[in-house]
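So this first bit is one chain, no partners, the form predicted alone, shown in structure tokens.
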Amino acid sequence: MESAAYARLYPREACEKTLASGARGDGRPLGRARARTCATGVASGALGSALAKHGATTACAGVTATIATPDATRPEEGFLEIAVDHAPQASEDARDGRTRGRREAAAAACASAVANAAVLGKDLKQLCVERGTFAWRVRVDVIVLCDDGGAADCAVTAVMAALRDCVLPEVAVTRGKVALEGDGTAMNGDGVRKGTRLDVQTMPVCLTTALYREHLLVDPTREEEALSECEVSVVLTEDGLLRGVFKPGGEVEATEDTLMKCIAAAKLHYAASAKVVLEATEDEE
């Protein structure tokens, strides 16, 4: 029987046989993440956009913004919203209950990661246009185009690159009325977009690790997630602070030792993961 056919018929047995050799189905060692790439400016109608790939997992993020009325309790702050969805063709088993739960958990993890990391500062005062009257409501929409595992990780990468790519239109307030000057995509004579670039103050990176028997699989594929007993997603920022630990369900509880190993893996991979976003947006600085 061919190895591919055997893996489809007996996925757990095939996985155990592969892991026994110290490798995984795609040839990676247990502790290695997949190759990550990122590109910005992929959506011409967005104020900022990015396409991120972690292996085959692919997510596209676009930033839009509207003028809104600030919250009465926070008159000097704007709003930042993150929404994550999956394209219908993102995975073959979209109707499976566990898959739906994993998708919801990935969306929640991504939104929480960005909020906990305070990417636009501890408050959102940079989004204020006029105190108590006008503020920016910035929204990042993420579509997971292909979910081959680690959707939350890829979504966070796409969100951060899109925010760093974002330029808000210039605004003029006259006699209580606000007017946008341009759409954030117009260029000046130097080829630089006119407007105000978001001041992105932190760089969160998310890394998911799956537990299968006694093995910890860094950056698991969809097949590995389906077989895993639990998954742990860890969010770190450049200062080494832990910004979130997410565990969406699973058959077993993650022990303290397992959590510490997952955090250690996230710290080990942080620099390389952040570099992907920084290099993709360095020309935007």
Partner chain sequence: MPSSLAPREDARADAHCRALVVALDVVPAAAGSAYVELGDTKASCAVYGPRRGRAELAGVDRGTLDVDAYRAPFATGARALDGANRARARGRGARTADDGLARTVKEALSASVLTESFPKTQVDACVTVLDARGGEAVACVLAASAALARAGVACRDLVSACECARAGERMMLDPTREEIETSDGMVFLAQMSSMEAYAKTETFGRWNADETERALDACAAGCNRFDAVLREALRANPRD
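Numbering follows the first chain given and starts at 1. Quantities reported herein were computed from a predicted structural model and do not represent experimental measurements.
Just so you know, the form predicted together with its partner chain exists too; it's not on screen, but the next bit is about it.
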> L217, L47, C38, V234: which sits within 4.5 Å of its partner chain in the model of the complex by any heavy atom?
Replying inline: L47
> its partner chain in the model of the complex: within 4.5 Å of a heavy atom of each of A56, I143 and C146?
Replying inline: yes
>> When the contact criterion is heavy atoms within 4.5 Å, does E76 count as touching its partner chain in the model of the complex?
In response: no
>> Contact with its partner chain in the model of the complex for L120, defined as at least one heavy atom pair within 4.5 Å: yes or no?
In response: no
> Taking the shortest heavy atom distance, is P248 within 4.5 Å of its partner chain in the model of the complex?
Replying inline: no
> Any chance R197 has a heavy atom within 4.5 Å of its partner chain in the model of the complex?
Replying inline: no
> Can you pick the stretch from 235-243, 251-259, 59-67, 27-35 whose heavy atoms fall within 4.5 Å of its partner chain in the model of the complex?
Replying inline: 59-67
